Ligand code: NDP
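Before any questions on binding or motion, here is one chain by itself as structure tokens, the form predicted alone.
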């Protein structure tokens, strides 16, 4: 008799994942999908209370660690803490990021730098430290979170756009260098997803909201769970021959007219 096919959840149960910004929005939705697949999921963020609430909701497979990822010098110790508790890291989801809506000519050097520091440098440093722990095993999975802002021009978000374009370029460079060593690197570019962050941006700007929905062929905003499903797929055995892709999960927005 041939061996019984593996249930995907069964393959995931021994895995350990880190999700940054895992206490709310898209990060929390990814954590929810990972936890339900049996993955030991470490959620990292600055807001201790938010993380605690999320962990209470998600149950014993969810492990909160409060950390400020903008403190680059503290990242190696953070990774070490995860290794000490869980022995290894199989999946890294770089989801944490900040945005700022401001006229191009009003953006200061400090503001531009702050967004690149959080959205690019922290992602690079955390990825580097986590990948060092993956290399001895000859396998691993990194999922970066980009944005529609890197697919086409959106006004008043110049620093955010620059940061997400950098993430997509880094995804490809990392994939080419690390995939021969067994580490897959992919990126998800969410479209307009119904989160607190997007609500703040769109509900105060009806014209922008209409424009966003008008060019989305499916005609409605996505849910955070849609990004969670895509992340779980990319982290699973079903995606074992996929690396270096930027996957739009956007209801067709990036090809809409």
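As the structure is a prediction and not an experimental result, all values here were calculated from the model. Positions refer to the first chain, counted from 1.
Keep in mind the form predicted in complex with the ligand is missing from the figure; the text below concerns it.
- For residue 118, a non-hydrogen atom is located within 4.5 Å of the ligand in the predicted bound form, even though that partner is not displayed.
- Among residues of the shown chain, residue 58 is not one whose heavy atoms approach the ligand to within 4.5 Å in the predicted bound form.
- For residue 68, a non-hydrogen atom is located within 4.5 Å of the ligand in the predicted bound form, even though that partner is not displayed.
- Interface membership of residue 208, defined by any non-hydrogen atom within 4.5 Å of the ligand in the predicted bound form, is ruled out.
- For a residue to qualify, one of its non-hydrogen atoms must sit within 4.5 Å of the ligand in the predicted bound form; none of 143, 226 and 251 qualifies.
- Partner proximity in the predicted bound form, defined as non-hydrogen atoms within 4.5 angstroms of the ligand, places exactly one of 195-203, 228-236, 32-40, 212-220 at the interface: 195-203.
- Shown without its partner, the chain has 44, 45, 46 in segment 32-46 as residues with a non-hydrogen atom within 4.5 angstroms of the ligand in the predicted bound form.
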